[in-house]
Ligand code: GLA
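Just the one chain here, the form predicted alone, laid out as structure tokens.
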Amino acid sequence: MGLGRLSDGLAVTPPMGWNSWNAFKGNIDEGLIVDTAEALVRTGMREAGYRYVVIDDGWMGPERDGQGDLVPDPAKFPRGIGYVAERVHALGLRFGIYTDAGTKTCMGLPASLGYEFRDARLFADWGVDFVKVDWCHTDGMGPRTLYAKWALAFAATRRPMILSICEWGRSHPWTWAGTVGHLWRTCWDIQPDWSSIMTILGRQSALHPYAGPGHWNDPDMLEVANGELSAGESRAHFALWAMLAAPLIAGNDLRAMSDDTVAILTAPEIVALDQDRLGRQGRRLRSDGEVEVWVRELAGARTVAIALLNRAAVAREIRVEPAELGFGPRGDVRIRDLWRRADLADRVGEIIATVEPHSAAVLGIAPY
């Protein structure tokens, strides 16, 4: 699109990590954050690429101190946020925190309107690497102006910090936020159910021109293994977010994951798809009722990934002609199953897969 963007070298690929909100809401404390950071290491998620441990809303005390600084809730964080950041950094991870652009956070705690430079400096002093700035209690305020002020406040600290813009897509941030922040929410809050995930996915279909290295559309954090999601639904959710080059921010309880959940979140070729260095967001190639085909161009010569999505409650056969993917009139291709990490076929003239209900097959397609 030729849009301006930041050139600070941060978020060259979509950020990966964990955020406290989806699983715990405001029920957070020092022990939970440190234990979760340790779980990122123990489960292999750090080695898979997950780096950011982000505290969401609920960490602040009810009032600023006499100097005007935010104060951590002493019952939840008795040793302060700087201590937690040190523990996270000692594990080879990065630390993130939350505030709100308005008069109060979504939980009604002190927020940052009028304190942007003070709060950015405080976060930098604590060793913060990632800041999510929410948009509750902002009636009559302009997101372009306020988030631009945050960008200036970050620059003034001289500490590299990722700015995660969270105004829920209300002002079409994909058209302007690339010069201000590194990622921006494109939608309302995700819920741990298939309907929410599919509705949010549909909202992303036209946004692919606006994303790329250093500037990412954010369809919200992952709900893998939350709520009543089935394994197939969690796998489809994770794979489609990877097709979207979305930030992969886990939102489940990492301390008590099943082996199947770990396998989803660390699937090597799905993570590699998300982190592909070309940074080209996937797009919906076609939709036939409850069946969709998504395609994403990859860094390898003429290589693409496709997701064959079955939204339906019964299995469906999905067919794709290589010519639809730009492989020419004959279009013999090689096919690799990115979940199974296995080559399926060479020199095929048509791609055919039977996809289970509420599931997605994810295939790498390359010219023969």
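For clarity, every value in this text was computed on a predicted model and none was experimentally measured. The first residue of the sequence shown is number 1, and the count goes up from there.
Below, we refer to the form predicted in complex with the ligand, which is not included among the displayed structures.
Taken together, the three residues 56, 134 and 185 all come within 4.5 Å of the ligand in the model of the complex, as judged by their closest heavy atom.
Just one listed stretch, out of 105-113, 172-180, 152-160, 198-206, contacts the ligand in the model of the complex at the 4.5 Å heavy atom level, and that stretch is 105-113. Interface membership of residue 117, defined by any non-hydrogen atom within 4.5 Å of the ligand in the model of the complex, is ruled out. Put simply, residue 168 is close to the ligand in the model of the complex: some heavy atom of it is within 4.5 Å. The ligand in the model of the complex comes within 4.5 Å of no heavy atom belonging to residue 24.
Not displayed here, the ligand is kept clear of residue 86 by more than 4.5 Å at the level of heavy atoms in the model of the complex. Only one of 243, 97, 221, 211 comes within 4.5 Å of the ligand in the model of the complex through a heavy atom, and that residue is 221. Residue-level contacts in the model of the complex: of 189, 125, 290, 269, one residue has a heavy atom within 4.5 Å of the ligand, and it is 189. Of the residues in 300-325, none comes within 4.5 Å of the ligand in the model of the complex through any heavy atom.
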